[in-house]
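Consider the single chain below, provided in structure tokens and representing the form predicted alone.
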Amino acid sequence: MTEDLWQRGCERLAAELPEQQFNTWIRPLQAAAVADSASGVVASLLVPNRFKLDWIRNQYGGRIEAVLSELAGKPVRLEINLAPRDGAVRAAPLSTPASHVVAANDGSIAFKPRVAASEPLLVPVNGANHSPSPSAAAVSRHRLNLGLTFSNLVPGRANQMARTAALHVAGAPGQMYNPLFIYGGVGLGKTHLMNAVGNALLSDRPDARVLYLHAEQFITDVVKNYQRKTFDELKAKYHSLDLLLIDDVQFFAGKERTQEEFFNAFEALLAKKAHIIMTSDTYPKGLVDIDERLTSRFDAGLTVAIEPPELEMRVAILMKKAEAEGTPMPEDVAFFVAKNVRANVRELEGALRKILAYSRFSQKDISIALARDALKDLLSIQNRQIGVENIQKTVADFYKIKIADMYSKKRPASIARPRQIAMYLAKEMTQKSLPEIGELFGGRDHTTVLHAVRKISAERQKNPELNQQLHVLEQTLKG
């Protein structure tokens, strides 16, 4: 019988899924119809907005279909539709997306790409050929940049955990990962992610009280209200929010009154189950001149890093942004640029603008030769600055050892560790081969270099302090 199929499916899903996930995503679903058709059983569900449609389809669609098919004893096709606001139901049949988010049994979430590792990353842009340029996008009364959304954020390994957590917060604010603390270097997409959460929440709940601001704006508000003795106004503004998005909290360093007011706002928002997302250039325990009461609370939810984008992600970013500008970039050119511009998305955008301008002014098609000419200043500076010798000197200075220790046979941890880090950076930031790097480190075998690269790379993923040190060294070397 199909009449009670959805009810029986819900009972099965309630037993299989963590309670919080079931109550957040499955229980609110409306079953519009479960009916036999010429092609089999079709189950139609209603969701209130496009964001939840995509989330439920990507995360739970396959499991729902499997459960219903098992209970029905025959294949069930799932359709997820937007609930009507104007009398019309818009269908969105289940289809295999480019990527999806999966839930583990313990309630944690992880990003799982559908494409093979060798395939380029595909990024949907609201079903259109072009995405709005964030720089040209409107800013809402919530101070959100309306052009910064999940649909035009290029996903990849560098941002997968932060992106997945942000998606979860957007769909179920005030529940898990509160506060969400995102850290990383400049130009990696932290601000984009925060704005995407705010925009997604407002598409679901237009009346939600959302505010995005830079930490300096909060400091300004505190100073202004302190001078006017109007702290009730400050509390009314910040303590009543549903979602607070605050950029670069490291700017609170040394500002005791600001920290006190932010602590008060922080406590008030968490008490009412409002959500807080913060960004910083370092992880919470790495913040200096900030009260331990605050840093411990920053670290109490979920702390995630955004890394510099990997090669495939940089290629995808360049090609997508070039297409958005109306001038598609050949893949070989995108690979050439991506191999030479490694720091962050902002630098990639700058390189792309130079190439597009050079192409228009010279009236030549985009090619590797044209890109090399357009970026010759950047490439010459990069090649001049980042050499193995410069890496050795920078790392030695950072860890307070002698440059000679980089070539010596000494093996105490205080020397061997910085030497391995320098080898790792040499492999990541220069075009040198492993044997060439080994030769520059006192004639060491290439297997020694390979061991160091793998060791530091693996530890970087697990050790926030090492990750931050590497960020600092990379930014120093890139000038």
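So that there is no doubt, residue numbering starts at 1 and follows the sequence shown. For clarity, every value in this text was computed on a predicted model and none was experimentally measured.
The form predicted in complex with adenosine-5'-diphosphate (ADP) exists for this protein as well; it is not shown, and the discussion that follows is about that form.
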Option from 172-180, 144-152, 71-79, 401-409 whose residues, in the predicted complex, bring a heavy atom within 4.5 Å of adenosine-5'-diphosphate (ADP): 144-152
Spell out, yes or no, whether the shortest heavy atom distance between G301 and adenosine-5'-diphosphate (ADP) in the predicted complex is within 4.5 Å. no
Contact with adenosine-5'-diphosphate (ADP) in the predicted complex for T191, defined as at least one heavy atom pair within 4.5 Å: yes or no? yes
According to a 4.5 angstroms non-hydrogen atom cut-off, is R346 in contact with adenosine-5'-diphosphate (ADP) in the predicted complex? yes
Is K321 a contact residue for adenosine-5'-diphosphate (ADP) in the predicted complex, using a 4.5 Å heavy atom cut-off? yes
Only one of Q392, N159, T258, N199 gets a heavy atom within 4.5 Å of adenosine-5'-diphosphate (ADP) in the predicted complex. Which one? N159
Contact residue in the predicted complex, from A253, A357, A369, V186 (heavy atom within 4.5 Å of adenosine-5'-diphosphate (ADP)): V186
